[in-house]
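In structure tokens, one chain follows: the form predicted on its own.
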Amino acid sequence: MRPPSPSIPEKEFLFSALKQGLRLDGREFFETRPVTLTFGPELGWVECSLGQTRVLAQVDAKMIKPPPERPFEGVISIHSEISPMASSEFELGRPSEEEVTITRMLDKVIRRSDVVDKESLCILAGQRVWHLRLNVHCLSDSGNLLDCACLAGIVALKHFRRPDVEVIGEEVTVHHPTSRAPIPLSLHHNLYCFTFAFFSDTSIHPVLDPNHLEQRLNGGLISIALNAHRELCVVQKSGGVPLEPADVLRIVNVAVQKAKDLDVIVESRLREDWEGRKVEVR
């Protein structure tokens, strides 16, 4: 069974605090929870934490024959799993509205926004290409699962290395990582998703990175995916609260600065992890 809706005292306490300029966890309105990135022993294995919200992402690759309509491009597939382990609100076999939103947004942010250069995944035109499979597992939902899942997926793609291949005529040789160093994926840009929550009471300031209670009591959400170069790729709004153009432009400007800050954190953690790895090439 799904848990009951927040009680009336919970609603009144949250709205009263927000009207006084306070959030329950002590953050500012446009402040995100701390981001933690943990890398596994294998390349492409990343656990991302946004406060108490945790998502695991893993990338693997295999060679396949490309579809005839796109013989020069690799294939990217995304599989997301949101089980009751993340929250009692989710049920196996009965996807909720949030689950559908997360799955669609992951597809827009990672696959349809051309984050990965698909032509670089081509090995032998019309015969062999790389098929990248991104698996996203939601471990704990403490609010704003979407942003955490998108970040985990992007970082996993940046962390992944595919095996080096050699093509002689129509013969393809895949080299083991111990004989030739694996090759990073060619990415066009790094997209980061930021979700803002609005409330039916217009006197309440919108909040960035809503926690679990704020997300359940919001009147509308707007998710923005952009990179550190101010290139806006995806804007998705849900809920019935109308927004003025000035409000949208304001939160886009906030998201631009947050994307720059997050990009620095991601690049720093990737550099630290790579420097600490020992890659033996014989």
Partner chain sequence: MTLDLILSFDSLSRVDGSARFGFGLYPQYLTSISGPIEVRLASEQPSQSTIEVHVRPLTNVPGTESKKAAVILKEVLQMEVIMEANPRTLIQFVVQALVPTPNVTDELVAAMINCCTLSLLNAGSVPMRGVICAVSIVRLSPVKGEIPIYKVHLTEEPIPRLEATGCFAFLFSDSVSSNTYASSCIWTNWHSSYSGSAKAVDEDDLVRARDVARSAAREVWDRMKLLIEERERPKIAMRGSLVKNASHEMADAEKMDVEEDDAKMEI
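Numbering follows the first chain given and starts at 1. As the structure is a computational prediction, the values presented were derived from the model and not from experiment.
Quick note: we don't show the form predicted together with the partner chain, though the next part is all about it.
With a 4.5 Å cutoff on heavy atoms, L56 counts as touching the partner chain in the predicted complex. The partner chain is not drawn, but in the predicted complex it has a heavy atom within 4.5 Å of Q52. Residue contact check for R180: none of its heavy atoms lie within 4.5 Å of the partner chain in the predicted complex. The closest non-hydrogen atom of L185 lies beyond 4.5 Å of the partner chain in the predicted complex. Scanning G26, P41, P245, P68 against the partner chain in the predicted complex with a 4.5 Å heavy atom cut-off leaves one residue, P41.
The partner is absent here; in the predicted complex, the one residue of M85, V174, A125, V100 having a heavy atom within 4.5 Å of the partner chain is M85. Contact with the partner chain in the predicted complex, defined as any heavy atom within 4.5 Å, is confined among 164-172, 114-122, 135-143, 189-197 to 135-143. With contact defined as any non-hydrogen atom lying within 4.5 angstroms of the partner chain in the predicted complex, the contacting residues in 62-81 are H79, E81, given in sequence order.
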